[in-house]
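First, one chain by itself: the form predicted on its own, in structure tokens.
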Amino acid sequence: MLDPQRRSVHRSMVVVGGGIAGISAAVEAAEAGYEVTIVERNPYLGGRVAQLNKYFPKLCAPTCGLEINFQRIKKNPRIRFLTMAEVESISGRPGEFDITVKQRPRYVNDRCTSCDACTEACTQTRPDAYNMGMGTTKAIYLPHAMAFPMKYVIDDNACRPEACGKCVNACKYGAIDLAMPARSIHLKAGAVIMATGWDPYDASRIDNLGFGHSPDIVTNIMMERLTAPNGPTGGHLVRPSDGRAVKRIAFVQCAGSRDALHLGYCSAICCMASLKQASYVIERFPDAEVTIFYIDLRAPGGYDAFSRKIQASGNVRLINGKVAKIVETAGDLVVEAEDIQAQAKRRVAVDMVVLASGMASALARGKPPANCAVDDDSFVVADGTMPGIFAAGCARSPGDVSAAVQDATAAVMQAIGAIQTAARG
């Protein structure tokens, strides 16, 4: 217990970001006795992990791990979360931070039962962001089948809530409030944890790989959605262009990573993610042909055994070389690449191409809300310029789920130390 004679500090934390690192940090801090507020810009918690089909190396669905953490949040009165919210400013010092949060209107209140009557009445559509634009939803929608909170939201970029009102008439629970305003919320905290996560690198910027020119050239996160049971195809692996089963597929590694023109660093997870996704293909089509074009195959975090297992399946061909271009020919995609080991050029015809696009820091979208130092790639660096603010997960560096969870625990321990030190000061 803190000595009441010592300096009064806020025995609380604000976690910026509600992905796997942010959720893990919040539940660890709350279970250690601290009040926690999660600030998440999306209408739901779970971040990128909620978009995955399976984790590696166990290849289990992420809904299990997320649901366990959601239950921990529900049962812990010390945890509060704000969705559709972003931190605008952070000021102060360890033990005494002032945080300003702007929360966008959801237009749906806590009376929502997820009955879906509102979507049946809605006439406007929007691109489905959860499924990476592959498909649409109504302007009022449930973000996904396992969304937390399980509550609908209106996209006011897709409709003008005050000009329609059909969803209001359809809802018999009075759950839709078209006059719901934006809010400015002021929080106080003893420490702040930045768990802002990552964005897929914009593959359309890599001119030679053809993303955006053919619907059958997709990114690795799109591949997760295409193979997920709650994805746009119900988990059936078919080509977006014509619905044809995908039995010949190419994975292009380092799509934007380790490239001075794009992301100069290794994104850490791409090699293992592609091998994991190769297993999705083989599971569905045992006679499938999988080709992986790579610079060098990396298995960080002790995943060598997983890598060897997938490579030994007999369906996976590895070609050590960079892809020059991808072209469409007679209904196929043809990948043209060098083969360093064979000292030759290769042309491989496939049904679909998956680009292992890199992990970009979400902080690259704009200036961080606090005076925390970031490197040239917008990852938070610990240089002491803002004591009491700590980074976790992919806000600090690219990594997998396991690394993010461990990193979150470390950030909480640092935050607790900072609050206790402030109390003694």
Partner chain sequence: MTNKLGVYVCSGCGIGERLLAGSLTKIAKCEFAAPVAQSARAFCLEEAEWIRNDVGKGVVDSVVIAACSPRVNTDVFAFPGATVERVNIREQVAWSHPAGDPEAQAMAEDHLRMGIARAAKRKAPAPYTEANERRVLVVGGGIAGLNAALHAAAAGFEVVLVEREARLGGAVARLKSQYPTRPPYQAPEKTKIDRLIEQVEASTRILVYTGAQVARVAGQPGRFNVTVTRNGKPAELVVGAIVLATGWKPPDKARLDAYGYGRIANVVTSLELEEMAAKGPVRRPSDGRPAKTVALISVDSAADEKQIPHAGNVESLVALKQAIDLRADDPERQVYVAYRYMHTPGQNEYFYKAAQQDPGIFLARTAERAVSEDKNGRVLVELDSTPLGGRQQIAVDLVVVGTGMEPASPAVEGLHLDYLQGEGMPVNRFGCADSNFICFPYETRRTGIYAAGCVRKAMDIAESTRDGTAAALKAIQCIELSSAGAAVHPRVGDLAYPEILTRHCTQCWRCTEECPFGAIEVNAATRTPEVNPNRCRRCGTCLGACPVQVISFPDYSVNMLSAMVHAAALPMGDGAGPRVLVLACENDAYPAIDMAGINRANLPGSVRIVPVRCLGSVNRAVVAEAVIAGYDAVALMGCRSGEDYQCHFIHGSEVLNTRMDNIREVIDRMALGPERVQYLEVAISEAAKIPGMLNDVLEKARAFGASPLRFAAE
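What you see is a predicted model; the values in this text were computed from it and never measured. Positions refer to the first chain, counted from 1.
One more form of this protein, predicted together with the partner chain, exists but is not displayed; see below.
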| field | Segment assignment from 191 to 199, 336 to 344, 89 to 97, 284 to 292: heavy atom within 4.5 Å of the partner chain in the model of the complex | value | 336 to 344
| Arg244, Arg183, Arg317, Lys75 - the one with a heavy atom within 4.5 Å of the partner chain in the model of the complex | Lys75
| The single option of Ala312, Ala163, Ala179, Ala305 touching the partner chain in the model of the complex, heavy atom within 4.5 Å | Ala305
| query | Honest question, do Gly65, Tyr265 and Val401 all end up within 4.5 Å of the partner chain in the model of the complex by heavy atom distance? | reply | yes
| query | So, in the model of the complex, is Cys372 in contact with the partner chain at a 4.5 angstroms heavy atom limit? | reply | no
| message | Is Leu45 near the partner chain? Define near as a heavy atom within 4.5 Å, in the model of the complex. | response | no
| message | Is it the case that Met84, even though its partner is missing from this view, gets within 4.5 Å of the partner chain in the model of the complex, heavy atoms only? | response | no
| task | Indicate whether Ala61 is a 4.5 Å heavy atom neighbour of the partner chain in the model of the complex. | result | yes
| Relative to the partner chain in the model of the complex, which residues of 31 to 45 have a heavy atom no more than 4.5 Å away? | Glu31, Ala32
